[in-house]
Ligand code: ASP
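Only one chain comes next, encoded as structure tokens, the form predicted on its own.
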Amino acid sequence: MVTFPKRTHWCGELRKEHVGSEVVLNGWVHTVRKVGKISFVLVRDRTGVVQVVVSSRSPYYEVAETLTPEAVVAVRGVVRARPPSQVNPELPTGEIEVELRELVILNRAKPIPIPIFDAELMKTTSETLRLKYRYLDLRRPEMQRNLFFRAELVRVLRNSLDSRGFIEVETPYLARSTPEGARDFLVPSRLYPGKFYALTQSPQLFKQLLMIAGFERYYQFARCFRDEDPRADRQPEFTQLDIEMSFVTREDVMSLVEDLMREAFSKTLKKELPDPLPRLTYSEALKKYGIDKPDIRFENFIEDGDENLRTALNAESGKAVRLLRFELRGRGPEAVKEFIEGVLSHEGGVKHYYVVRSENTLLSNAEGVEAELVRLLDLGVGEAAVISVGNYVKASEALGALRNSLGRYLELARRDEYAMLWVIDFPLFELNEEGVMVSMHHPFTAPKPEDISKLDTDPLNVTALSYDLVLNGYEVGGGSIRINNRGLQEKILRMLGLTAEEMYDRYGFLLEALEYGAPPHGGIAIGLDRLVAVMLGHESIREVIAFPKNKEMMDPMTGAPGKPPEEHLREIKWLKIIS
């Protein structure tokens, strides 16, 4: 074991007031530069870099000559002021340097395979390579800032909740499979062949049980697991801030969350959120923005097409005709056309038509009626329009997703602007692609009391006591008031198609608990990864997670998922059970 002098100061903290002090630095060699018979070594730790000067008179001069970037070193030296002509205003430590007195090389480093300190080259480095060498990618200042910011945000949120009488409780990760809309990750039990745990998709049922247990105010930074198909910005494991409260109304929960968010933004970004946050009902959001997670930093509202437009497109009776118009803002028509085609989804039987008009070009997929659409829409040069025809909700959602994406693509909103709002009054139920009624949020969401009578006669028009928190076009949180009555909970589960046997097998423990004095309660889950990403201006949550999976839900660094040792498979006997 190499003995070495231990750090007395961080590299990034040294300033003119330290001149004359002897300091010890521990870190990595950032760069080595030789000028004549003097070597200049930039030493880096997580706080920054500082210049270490090694003259030819130093007994460590020859050792310093062997240094290469990313070698791990311990340095002892004396802080001195740089000559005025050598001050580096781009560095916080640029007014001083450290004259070397002792150098210990703790470990050498091979040439690194990714250009982590060249911002331009990193733009062309594949994400696969970045994730394969994630431990190197994380050395980049931007990545370190992301994770330090995340830690600070968690600290602020935790302190804020603690000060309001909440208790942090850890709930199980290994639990009974109770599907919540996505597939469970199943974990075979070695001790009970043929039986499986499920990694929890959320602490939903456990936090409700904590309310029944009388804790009244709970929170947890919970890891959640969902075995979903690969999607561009989803992770099979993610973190959410989970909150639950007893003896509350919807307004109480929303007020608490607003206070948390205002405090978090003020303390971490020095940004002030409005008080109160604006609100939209689900139907208002759909009509105006086309989507239940709108970016309200710009206008470009979704419109309803008139009868002339319907006729021009030969739209079927009963189909909605909705449209979005926007300016090209200097983008080329071909690039805008490709962007539109790349974003639009053709799910749900919705037909999409676009018209992109520039000075000398008219691009459209509406063959034969391009000119008519330009006339009907009064489309000017440098403008475009997208029209969706189909089911009202599906057509609106397609345009809403396009609108949000265009906001980023066309830079319709400033990156440092934050627009947070609530979307409320969601339907309790919706129809899935197969026409089967399912919960819009989850089956433990309470309906509005005045709508309970509609459960038997008009269930699709029952409104839920639910609420989503939206930031810059991303849903960052969702919650509801919960059902605290066994009879009503059983009724909802029956309406969702569960048999009595399935109901009691999956949720029997909850149903029984509801009979032992369950208080009115509600809460919210805030997606920490998404919240941090939006606050820092990143579109991908992978930029704010230390070791994420890639778009294919794999880890290029560790090779996960991988095949376990054969003896482990034999121990749990799962191959025999499945076959």
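Just count from 1 along the sequence shown to find any residue number. These numbers come from a predicted model, not from an experiment.
Here the subject shifts to the form predicted in complex with ligand ASP, a form of this protein not shown in this document.
**Message:** Can you tell me whether residue 202 touches ligand ASP? I mean in the predicted complex, with a 4.5 angstroms heavy atom cut-off.
**Reply:** So residue 202 counts as contacting ligand ASP.
**Contact flag, residue 67 vs ligand ASP in the predicted complex, heavy atom cut 4.5 Å** = Judged by the heavy-atom cut-off of 4.5 Å, residue 67 is well away from ligand ASP in the predicted complex.
**Prompt:** Even though ligand ASP is not shown here, does residue 130 get within 4.5 Å of it in the predicted complex, heavy atoms only?
**Reply:** Because no heavy atom of residue 130 falls inside 4.5 Å of ligand ASP in the predicted complex, the answer is no.
**Prompt:** Do residue 226 and ligand ASP come within 4.5 Å of each other in the predicted complex, heavy atoms counted?
**Reply:** Result yes; residue 226 sits at the interface with ligand ASP in the predicted complex.
**Prompt:** Pick from 52-60, 37-45, 538-546, 522-530: which stretch has a heavy atom within 4.5 Å of ligand ASP in the predicted complex?
**Reply:** Looking at the partner contacts, the answer comes out as 522-530.
**Prompt:** Of the options 396, 240, 489, 472, which one has a non-hydrogen atom that comes within 4.5 Å of ligand ASP in the predicted complex?
**Reply:** Only one option qualifies, and that one is 240.
**Prompt:** Of the residues 310, 448, 442, 134, which one places a heavy atom within 4.5 Å of ligand ASP in the predicted complex?
**Reply:** None of the other options qualify; the answer is 442.
**Request:** Within 4.5 Å of ligand ASP in the predicted complex, which residues of 461-500 have a heavy atom? Give them in sequence order, or say none.
**Result:** Counting only heavy atoms within 4.5 Å of ligand ASP in the predicted complex, the contacting residues of 461-500 are 478, 479, 480, 482.
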